[in-house]
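Encoded as structure tokens, the following chain is the form predicted alone, with no partner shown.
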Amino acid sequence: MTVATVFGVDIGGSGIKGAPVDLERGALSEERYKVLTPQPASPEAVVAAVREVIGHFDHHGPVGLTFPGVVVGGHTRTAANVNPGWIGLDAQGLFREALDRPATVLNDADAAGLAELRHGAGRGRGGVVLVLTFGTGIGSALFVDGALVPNTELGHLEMRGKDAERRASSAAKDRHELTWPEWAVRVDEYLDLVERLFSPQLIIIGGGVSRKHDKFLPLLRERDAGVVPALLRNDAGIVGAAMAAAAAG
């Protein structure tokens, strides 16, 4: 399999983006193409959007796809930020049939974490590393000595009686019109929670907001774990999806 044949698609609650990936460098080989996530984000509508993204590049090889929920054996088990029609669906089979090519589906934050551990801020790091993606929700990828513990979904931990992502995601910042300092207080509270549970040595902050890390990371309290921005920024999910497709053969 050549690097030119590996394609990654990152399906999010607000956008679906994809590009061919150079796996040697862990970087996009062409500028990514993005469409808005259809509302409602039913399986049929999302498949059509994915087909548009792939068609933009006239790509015909294997495809890796992320999904914003629990994915076990290619089946989507939860769907917090997309249509409930995904729950219990053989999503991998659906994409393989609809796209007529090999397809591999995995959790979106897990994909971003795999990319960051291989090519980004977590490269060469042992111990417990936690990758958190702040966007429509909060995604999480937990690694122990480089091995992924899949589908942790730590954005759904309870914080002040609600899912943590309802208070501390990037979407929550926009929804409540929070300033960067106000939002940083909520992020700190969330990081306190995950730090108590997992005692990570390193926390990597990714997702769309990572490109503005200079606005909020300096506002966070010092803590035992180092807190750093994702080096691959919001491209990490695309790169990780392509890595998964390549690994699946």
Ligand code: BGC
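Don't overthink the numbering: it's just position in the shown sequence, from 1. What you are looking at is a predicted structure, and each value in this text was computed from that prediction instead of being measured.
Although it is not shown, the form predicted in complex with this ligand is what the next lines describe.
Contact with this ligand, judged by heavy atoms within 4.5 Å in the predicted complex, is confined among 171-179, 89-97, 116-124, 150-158 to 150-158. Put simply, of Pro62, Pro200, Gly26, Gly69 only one has a heavy atom within 4.5 Å of this ligand in the predicted complex, and it is Gly69.
Although the partner is absent here, Val105 lies well away from this ligand in the predicted complex, with no heavy atom inside 4.5 Å.
Contact check for Val144: every heavy atom lies farther than 4.5 Å from this ligand in the predicted complex. The shortest heavy atom separation between Val129 and this ligand in the predicted complex exceeds 4.5 Å. Using a 4.5 angstroms limit between non-hydrogen atoms, Ala112 is distant from this ligand in the predicted complex. In the predicted complex, just one residue of 158-192 lies within 4.5 Å of this ligand by at least one heavy atom: Glu165.
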